[in-house]
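The chain below stands alone, shown as structure tokens; this is the form predicted on its own.
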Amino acid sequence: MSDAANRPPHFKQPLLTTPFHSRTRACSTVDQFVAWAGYTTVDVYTTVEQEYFAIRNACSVYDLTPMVKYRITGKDAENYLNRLVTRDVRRVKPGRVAYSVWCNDDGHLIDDGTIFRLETGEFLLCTAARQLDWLLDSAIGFDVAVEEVTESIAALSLQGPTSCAVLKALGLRGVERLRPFDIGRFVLGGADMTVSRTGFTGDLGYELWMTPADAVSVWDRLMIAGASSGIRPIGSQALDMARIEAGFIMPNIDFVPAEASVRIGRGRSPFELGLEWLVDLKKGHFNGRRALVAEQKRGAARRLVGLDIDGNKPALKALLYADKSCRREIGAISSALWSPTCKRNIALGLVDAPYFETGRQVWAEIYLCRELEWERRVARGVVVEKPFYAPARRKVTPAWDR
């Protein structure tokens, strides 16, 4: 546990700092930070554009330490997780990672996250927000221990086409043989480090997991090893651009977690969020199964889809309509940007049936503020397949060096 985590919060600085803070603070030139899960993290280091292109053209480093982590152990650990989440955890072998979601009894998403199967009866569940109450309530009747270990694990996300080359230069022999969602264990300068081929950019990338005591040393070694490969620390804004291109969803942006929503009808099911591939209705009972079986029979009333919007003005928070007259509202856009790599105006939006079918035409009502003057635009959009950006290198094994 870091010294910062041991100190009680002060009213002038209530947020914790990560073990990498001395390095991330020194790299920040615009002093732009945001709160994440009780920690202060960098939103932008220099410019969003420079950081974004590091993800797509070179190598980027993101401080992942605030990601909330739970160690789940015990003889019933597998059965517990299989009861909790919608996918079949029994198919996840030791040394592998699986993306998953969990729901309440209404079949509405509480949160999403990654499940690391470290050993036969040991798992690490990582999620963006704290879920300990729900996890402990769900553990009743199971011989399982659930412990939050966020402060005892430091983590970095290393993403981009040269990320494997940087790790090889760092001395991690054999790292190129990790398949997507594999877990590898390495020793760096006498310190143990776990590396998973995972990430939130839809590109070639890895996540590095270590003790807080080794964090600064790993950061420094990484920067030296990646100097010739264009390595650059990135903040949350650049990462958000990459995850939209990859078609990944974010809680409180693309959906409201079920236990946080206060209005009836605001919860979203995996089917509505385009995550039906994560739902295994044949594995046996799990939280929300009855509701999801009923929804599958009647069909989803709405769906989060990818949209290609005319023009180059991002349609963030735009309302969607069935025709250009904007008389019949059929949905809204939750995430949007002009993609520098795809050269497309892309968006993620929740659209009512039957307009969410691929190829359907919709209309977006976009409002632009220019020098304190608002302009209204109505732009045509088409429902398209996700992801918007999916380079071959993200799946190739052995991983490429470029």
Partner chain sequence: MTAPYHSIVIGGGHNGLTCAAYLARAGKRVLVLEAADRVGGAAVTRSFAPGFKVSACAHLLHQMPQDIITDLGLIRHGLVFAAEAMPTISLAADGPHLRLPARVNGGLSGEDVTAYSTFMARMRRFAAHLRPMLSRTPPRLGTGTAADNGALLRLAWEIRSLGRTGMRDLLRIIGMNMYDLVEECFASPALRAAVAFDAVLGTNFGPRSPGTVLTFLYRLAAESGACGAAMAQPRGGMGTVSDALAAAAQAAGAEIRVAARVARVAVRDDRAVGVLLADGETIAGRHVISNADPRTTFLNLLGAEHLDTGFVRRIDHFRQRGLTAKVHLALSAAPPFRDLALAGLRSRMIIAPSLSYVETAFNATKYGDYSASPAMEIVVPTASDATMAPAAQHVLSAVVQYAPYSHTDGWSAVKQNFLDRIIETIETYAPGLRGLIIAAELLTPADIETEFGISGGHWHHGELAFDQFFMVRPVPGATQYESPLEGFFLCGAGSHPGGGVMGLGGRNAARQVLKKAA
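Residue numbers count along the first chain shown, from 1. Small disclaimer: the values here were computed from a predicted structure and weren't measured.
The form predicted together with its partner chain exists for this protein as well; it is not shown, and the discussion that follows is about that form.
Among Asp143, Asp220, Asp137, Glu329, the residue placing a heavy atom within 4.5 Å of its partner chain in the predicted bound form is Asp137.
Though its partner chain is absent from this view, in the predicted bound form it lies within 4.5 Å of a heavy atom of just one residue from Lys75, Arg90, Arg173, Arg290, which is Arg290.
Note on the interface: of 294-302, 195-203, 279-287, 163-171, the segment with non-hydrogen atoms within 4.5 angstroms of its partner chain in the predicted bound form is 279-287.
Its partner chain is not drawn, but in the predicted bound form it has no heavy atom within 4.5 Å of Asp323. Among residues of the shown chain, Glu259 is one whose heavy atoms approach its partner chain to within 4.5 Å in the predicted bound form.
Residue contact with its partner chain in the predicted bound form: Arg232 places no heavy atom within 4.5 Å of it. At a distance threshold of 4.5 angstroms between non-hydrogen atoms, Arg268 is out of contact with its partner chain in the predicted bound form.
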